[in-house]
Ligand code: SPM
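This document opens with one chain alone, in structure tokens, the form predicted alone.
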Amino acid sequence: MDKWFEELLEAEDGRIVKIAYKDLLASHQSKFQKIDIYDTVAFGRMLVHDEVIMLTEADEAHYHEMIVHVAMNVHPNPQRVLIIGGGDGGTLREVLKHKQVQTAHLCEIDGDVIRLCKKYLPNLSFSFADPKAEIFREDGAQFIKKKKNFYHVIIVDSSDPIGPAEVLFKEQFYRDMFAALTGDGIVVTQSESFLFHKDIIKDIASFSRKIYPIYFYYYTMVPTYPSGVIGFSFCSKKYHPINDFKPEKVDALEGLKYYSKDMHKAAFVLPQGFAMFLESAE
């Protein structure tokens, strides 16, 4: 076991992730980033962008199920859904488990991510072939500006706020998403870890509360991320994530590995210190 991948993004803060791998299955420098896919010893196949872990087969459901099903089981009729990012296909896979969905748009800036994931991560990417799915290889921040009052749910499955994803953590992007939603629409965005990224979360909470009538932060456990925890912003025009949750919709979902009725509610129960911090964010 002499081949190791090391994620050094937060090494200066004293944190690294080190994962043993058997083979490097693909390595490609796209227009936007370096894309690697490894066959790991303990976690199955692993997708890496610019030396940062995006997912592993072992725990990707923890992330993809939670970024999707919370909003989809709160909105009563999510017919039109947009995914920004999500080029691996996992978020799209989960969205299409909801029979109410008529149109699922996916906007991924880097078409090479889609191409490589179709080849090496078929358990995630098979939904690209679904007739309800339409794929756009564009900048999501620009794509959203062209849509008004259209989507019932928008899900931003982005990488960290560096490189091409940085704009997806800005106030203007959240305002553009608000305009693209129907009158009862919901946005969910990848919003980093409450353990190590409080400043980022504070900024998102501050401007989201100015734009959306309802804002909450919730989280999930992903062991192969540096903190083991990743969070999401729930931004809604009308529906409350707990009061308007429809648990009967969960029974219709197939193949769940992490998300459940109880997990939906528990994800919004924040550690006391962070809850107080978030409440004070202005």
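Not measured: the values here are computed from a predicted model. Residue positions are given as counts along the sequence shown, with the first one as 1.
Same protein, other form: the form predicted together with spermine (SPM), not shown, and the subject of what follows.
- Within 4.5 Å of any heavy atom of spermine (SPM) in the model of the complex lies no heavy atom of Arg137.
- In the model of the complex, spermine (SPM) sits beyond 4.5 Å of every heavy atom of Asp130.
- Taking non-hydrogen atoms only, Tyr63 approaches spermine (SPM) to within 4.5 angstroms in the model of the complex.
- Shown alone here, Asp157 lies within 4.5 Å of spermine (SPM) in the model of the complex, counting heavy atoms only.
- Relative to spermine (SPM) in the model of the complex, residues Asn73, Asp184 and Val250 are all farther than 4.5 Å at every heavy atom.
- Put simply, of Leu270, Leu9, Ala20, Leu25 only one has a heavy atom within 4.5 Å of spermine (SPM) in the model of the complex, and it is Leu9.
- With the partner omitted from this view, the residue of Lys97, His197, Arg209, Lys145 that lies near spermine (SPM) in the model of the complex is His197 [heavy atom within 4.5 Å].
- Comment: 186-194 is the region of 74-82, 201-209, 172-180, 186-194 lying near spermine (SPM) in the model of the complex, near meaning a non-hydrogen atom within 4.5 Å.
- Contacts with spermine (SPM) in the model of the complex, taken as any heavy atom within 4.5 Å, map within 84-101 to Asp88 alone.
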